[in-house]
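As structure tokens, one chain now follows by itself in the form predicted alone.
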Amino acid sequence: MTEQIVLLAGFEPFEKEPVNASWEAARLLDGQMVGGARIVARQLSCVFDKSREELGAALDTLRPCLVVAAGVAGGRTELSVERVAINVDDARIPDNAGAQPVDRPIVADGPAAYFSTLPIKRVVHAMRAAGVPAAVSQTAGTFVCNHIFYALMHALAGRDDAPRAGFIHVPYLPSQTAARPGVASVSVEIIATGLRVAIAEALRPGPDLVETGGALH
């Protein structure tokens, strides 16, 4: 029997930060078994085009049954289970290779957006039940996180055997906010718990919950 693999992707540090919470949590889970599948963590470069190549190589090599990509959204107070990726790169800051695209489509002539195929509301419900602050998010931004989210969903679009896939933003770690009064942080252990719960829930078949997860703005 072929081993079932869950691909869990996190990012390298960027914007002069010493760590990236998404990778610190992902690597804690590397090799763990969840729902009969083994988690394989991969670090992605915080570089627009390179990250997409790295993700594609991981998809080809691992043939995962589930893909969860994660990144940091500094200032957020909870784990944000992203609903939608949009087809635009519009970088407020340069990536780690100095690229700063403005209003550039991720895929020329690609659809305007892709929705996550994770059961996002079930995931949020399960995270909260596990004591992890979580919510559905309506925007993954326009930096490398959204880029890789869109690229992931585009790579899987139209495949009959496409696994569930999506993106989760995580807050800063406490070490990153010590000199930033009032900025939210969550421990790496809680973030890792949230990602593990998300994986377990996404591996369970069935439809998503029908409950509110929208936003006024």
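All residue numbers refer to positions in the sequence shown, first residue = 1. In this text the structure is predicted, and so the values were computed from the model without any measurement.
The same protein also has a form predicted together with another copy of the chain, omitted here; what follows describes it.
Sort through 56, 174, 31, 35 and report the residue having a heavy atom within 4.5 Å of another copy of the chain in the predicted bound form.
-> Selected option: 174.
* Asked: Which single stretch, out of 62-70, 35-43, 155-163, 175-183, brings residue heavy atoms within 4.5 Å of another copy of the chain in the predicted bound form?
  -> Answer to the contact question: 175-183.
Exercise. Thinking of 16, 19 and 99 as the candidate spot, does another copy of the chain come within 4.5 Å of a heavy atom on all of them in the predicted bound form?
Worked result: No: no residue has a heavy atom within 4.5 Å of the partner.
Against another copy of the chain in the predicted bound form, would residue 192 count as a contact residue? Criterion: heavy atoms within 4.5 Å. No, no contact at 4.5 Å.
Residue 140 near another copy of the chain in the predicted bound form, any heavy atom under 4.5 Å? It does: once another copy of the chain is placed as it appears in the predicted bound form, residue 140 has a heavy atom within 4.5 Å of it.
Residue 169 within 4.5 Å of another copy of the chain in the predicted bound form, heavy atoms:
The answer is yes: residue 169 has a heavy atom within 4.5 Å of another copy of the chain.
Exercise for the section: May I ask you to state whether residue 108 is within 4.5 Å of another copy of the chain in the predicted bound form, using heavy atom distances? Expected result: Because no heavy atom of residue 108 falls inside 4.5 Å of another copy of the chain in the predicted bound form, the answer is no.
- Query: Who in 75-99 is close to another copy of the chain in the predicted bound form, meaning a heavy atom within 4.5 Å?
  - Reply: Contacting residues: 76, 77, 78, 83, 84, 86, 87, 88, 90, 91, 92, 93.
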